[in-house]
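One chain comes next, on its own, written out as structure tokens in the form predicted alone.
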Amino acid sequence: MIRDHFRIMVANLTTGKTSILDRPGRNEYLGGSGLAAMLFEEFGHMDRDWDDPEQPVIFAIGPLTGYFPLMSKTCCSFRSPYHNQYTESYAGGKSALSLRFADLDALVIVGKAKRLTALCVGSRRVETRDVEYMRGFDALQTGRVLRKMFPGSGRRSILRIGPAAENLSAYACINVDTYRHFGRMGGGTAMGVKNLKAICILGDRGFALPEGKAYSKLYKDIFKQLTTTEMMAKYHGLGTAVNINPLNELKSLPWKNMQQTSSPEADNISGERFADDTLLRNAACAGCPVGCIHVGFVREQFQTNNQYLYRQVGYDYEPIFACGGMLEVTDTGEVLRILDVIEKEGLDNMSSGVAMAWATEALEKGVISEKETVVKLTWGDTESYMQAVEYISRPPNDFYKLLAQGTLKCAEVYGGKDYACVLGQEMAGYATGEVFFVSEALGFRHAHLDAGGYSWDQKHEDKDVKAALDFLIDDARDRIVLNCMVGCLFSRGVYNDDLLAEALESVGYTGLKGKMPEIGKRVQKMRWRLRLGMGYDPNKVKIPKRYSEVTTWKGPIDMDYMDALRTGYAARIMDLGAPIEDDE
């Protein structure tokens, strides 16, 4: 039966108690991003830092989760250890469907356990286990132990952290079902500071599908659209790794800490080359027919007995850019070896790769020495980068402790700020031009998926500041609607506002036709109010000098254009985050 309210589980790690709450607001916030922000307003603390035990970590799904394809994501919101402000991260895997089968719209975790703990939740079961003996276990080893500890069917999802989060790296991630992640902004550390090693979500209850022909017909139509388009064929075939060669041709591929925006070596780590040399299999998030997860293999030979060890490592465009091109590692197997260590330590691969790229250039320029880096970081040297990943996760000195808090924070102490490739956080892999640089630097999550700035750069040679800013604000709002559902952004070409309203009506939610832009704007403003209320000032954001030195397909960066975009976007953000009484 469709509910007009949200069903929330609150788990308090300090007291060991849980409760179930009902909250209104479905027609105002839908779910996902909107629900997470609404719950943070209730359970979060604007006047306390990110590591206060009472700050919540929130996992929220949407109203169409489990009912339609590609409604397969979960939104995780928290106060970030990276900048001490409100943020979000998204992951697929089985987490969303497991929450639906657990009869929950959201899970809110507050408090701090006395010892390292694993939390198991379902519709019929809530349990905590003392797992202090797992301290220091890597994320993959943790997963193996938890699958035995909490046995279950395919409706079970296991979220866990690695050593990096236990050691409070600002960009530690949450590993979800091995190949998916809440990757950006330090969600793993938001768990680690609570002594929460893992969460097992048991989907131990069924739910009924809508009766009648309307739902069935619409489902089949949406399924057909999502599985027969050229875009989805691309995501299944080569995956997002297909972007390597096109971006390289556009001179928009960050390379060697973005000293270059293209390289003749890029084809060696292209999506085509990964598919030919390493691809083992495809996988998919629960509720997704596309199968965009690409799993490669790493083969290593034991020196003692001439036997081989094979390990499976997931890859897509962002990890390849960060741990391939940015480090000038140009062999597919070597990229996967670096990514394998990052997976085990539980770090965000983009931040890790970009941080090591900065450190390599800083070492080369003499700004830092091997006293700081311990190993000699050299472009293309896989072994040194694998060791550096472990040092970021388990810092042996003050340099790595600081690097684990963010590249720019480290550069502010040691020098080298000009070539720290940081746009709010370590950059995503699109050196497309001014609009993208400003969009990621100032955006809500500092993510390439906040808005399609990279797309605007590739399609517009003109320098119309107002048109670009209008696009960023409107596109961000449209993406927020899908993030409230919580749908995969790959599906945004199919799930337009009218189709979403029709899908909602088919499962019992009425009166939403024509209201999607209004809901998107409401959530957009609420999220910015939260972030600005915690100290964010977009007017103070600076874009490092390196971004003024690159050349893209349009030519050198136009600094006047980029500065006009930066100041204009900051003003738009301040308007969006204005107090409620100033809305009219």
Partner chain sequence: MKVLRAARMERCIGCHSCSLACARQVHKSLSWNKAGIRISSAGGLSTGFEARICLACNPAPCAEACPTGALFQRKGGGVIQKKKLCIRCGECAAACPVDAIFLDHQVNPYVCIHCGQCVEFCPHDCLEMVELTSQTDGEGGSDD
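Predicted, not measured: the structure shown is a model, and the values here were computed from it. Numbering follows the first chain given and starts at 1.
Quick note: we don't show the form predicted together with its partner chain, though the next part is all about it.
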query: is_contact(residue 97, its partner chain) in the predicted bound form, heavy atom dist at most 4.5 Å; finding: yes
query: Touches its partner chain in the predicted bound form: residue 309 (any heavy atom, 4.5 Å); finding: no
query: Contact flag, residue 275 vs its partner chain in the predicted bound form, heavy atom cut 4.5 Å; finding: no
query: Contact of residue 179 with its partner chain in the predicted bound form (heavy atom, 4.5 Å); finding: yes
query: Its partner chain: the contacting residue among 155, 445, 337, 477 in the predicted bound form [heavy atom, 4.5 Å]; finding: 155
query: Sole residue of 111, 163, 395, 287 within 4.5 Å of its partner chain in the predicted bound form, by heavy atom; finding: 287
query: Full three-residue contact with its partner chain in the predicted bound form, heavy atom 4.5 Å, for 346, 380 and 384; finding: no
query: Stretch in contact, per heavy atom within 4.5 angstroms of its partner chain in the predicted bound form, of 276-284, 464-472, 349-357, 449-457; finding: 276-284
query: Residues in 374-394 with any heavy atom within 4.5 Å of its partner chain in the predicted bound form; finding: none
